[in-house]
Each structure stands twice: as structure tokens, then as C-alpha cells.
Ligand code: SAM
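Shown next as C-alpha cells: one chain only, the form predicted alone.
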Amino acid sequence: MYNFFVDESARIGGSFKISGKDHNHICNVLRMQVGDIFLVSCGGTSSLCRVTQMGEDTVEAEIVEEDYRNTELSVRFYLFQGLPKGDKLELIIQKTVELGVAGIIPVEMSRCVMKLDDKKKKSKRERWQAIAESAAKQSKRNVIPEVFDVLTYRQAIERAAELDLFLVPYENERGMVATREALGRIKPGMSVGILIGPEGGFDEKEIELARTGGAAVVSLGQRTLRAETAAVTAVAMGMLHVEMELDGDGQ
């Protein structure tokens, strides 16, 4: 089932009027017809809708069932990702949005290969946000996670310190006891930051700064993971803990 995101202005009574690129996608790509069913996500909830009218500029869809499905986690995970080289961040954004992150914060770190000027940061962010939107549609999210502005490492530590819990998976940290303890501290309604380093890993001074900022340094296992693998693994561990231990079958 296809999913489309709209803002509150698209809702007219018991229907949604969909225009712009989504109108084109519905009419010319998917070739939907009157009576077809799809999801419309608006204001953090999703409604099951049926096409009632196909216009030249808008598609009108009546709401069949409101609050149809809540796919959001009860915990808000924010991924702080050290800038990887090439297009690896695009994969990281796609997969972690599918897993349920609330937001992604790119971070400039000492061992980052990628260096972006202000112009590139703007254009990259626009592309990254489009990838997040596409992944949110595919995974039937109720909201589109935000890809935030690129931060310096110190700015990222300060931002993460504002969250309820801050986790830093580190390849030199051994043993899963601290990881289990950290996951056990997660409760519904919390905000949790996860900081992943770039290909070159963390500088030891960065780890110390994270500890000073209140981070819990944890392990992802005995194997050394690539940056993109570490990001997906860490978010997946958090998502599975929430789904199995906190949210259960009620979501």
C-alpha cells in the first residue's frame, strides 16, 4: 500500500486534496483510479483513504479510517553520524529511517574524509532530506524524520547532552555488559542519541569528550564494523529493544 505525506492544509473535512509531485505520482506513475486505497500521513498520524476524484491538479481522497496504524517507536532515537566518504550517508539515512529514527545529525569529526563547504552542505542536506522522505514513505512511517544541519563534533556533543540518554558505540570498548545496561535504561517517551564515527573511527580525545558530555560508551560486539554497518546495527538494536521489551504487540 502506498503512503503519501501532506500538511494540515490538505485536509478538507473528511478528505484530503493531494497536489504537486504526489498528484503526478498518483496519476501518471501509479495510474491509480477512483476507488483505489492508499495511506495519507498528516500531523503524525496515518489515515486509510480512498480516491474519490481525479482532477487535473489535485486528487481527492476520502478518509476511510483515521489513525489507521501507528508505526512510530515510543522512544525517539537520534543518529549522530560522523560524515562518511562518498554516498554512504545516503544508505545510512535510508536504512535508519526504515528502522525508526526520529532524526539524523551529520557530524564533522577529526577522521572524516568528506569535507563540505557551506554551499555543499545545503545541497547535500536537501538530497539527504529527500532520501529520508522516500524511506519514510516506503516503510509506512507516520512522520518524515528530519536530517539536520551538519554540526561540528563539539556542537554534536552539546546537542546530544540535551537528550535523555547518549550512547557511543566504540570499537575499542569490549564486552556487552555496558550495552545491555544502557539498553535497559531506555524507557517509553525518552530521547536517545547514538553517535557513530566515520570510516577512520573515533580519535581518543573525541571519546573522552563524549564521556565528559555524559555519554555511555558501549560495544556492538567483537567484530569491527564499517561505519554504515555500525549505524544500522546500533539503531536496529535500539529499535528491537523498544519493540520487544517496551512496545510489545500494542503498537
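Numbering starts at 1 and follows the sequence shown. No experiment lies behind these values; they were computed from the predicted model shown.
Another form exists, predicted in complex with the named molecule; not displayed. Remarks below refer to it.
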S123, E126 and V147 each touching the named molecule in the predicted complex (heavy atom, 4.5 Å): no
Contacting member of A215, V40, V192, V218, with respect to the named molecule in the predicted complex [4.5 Å, heavy atom]: V218
The single option of V242, A227, V235, I18 touching the named molecule in the predicted complex, heavy atom within 4.5 Å: A227
Contact of E60 with the named molecule in the predicted complex (heavy atom, 4.5 Å): no
Non-hydrogen atom contact R31 with the named molecule in the predicted complex at 4.5 angstroms: no
P169: touches the named molecule in the predicted complex, heavy atom cutoff 4.5 angstroms: yes
Partner contact for G55 in the predicted complex: the named molecule, 4.5 angstroms, heavy atom: no
Residue stretch of 22 to 30, 200 to 208, 183 to 191, 43 to 51 approaching the named molecule in the predicted complex, non-hydrogen atom distance within 4.5 Å: 200 to 208
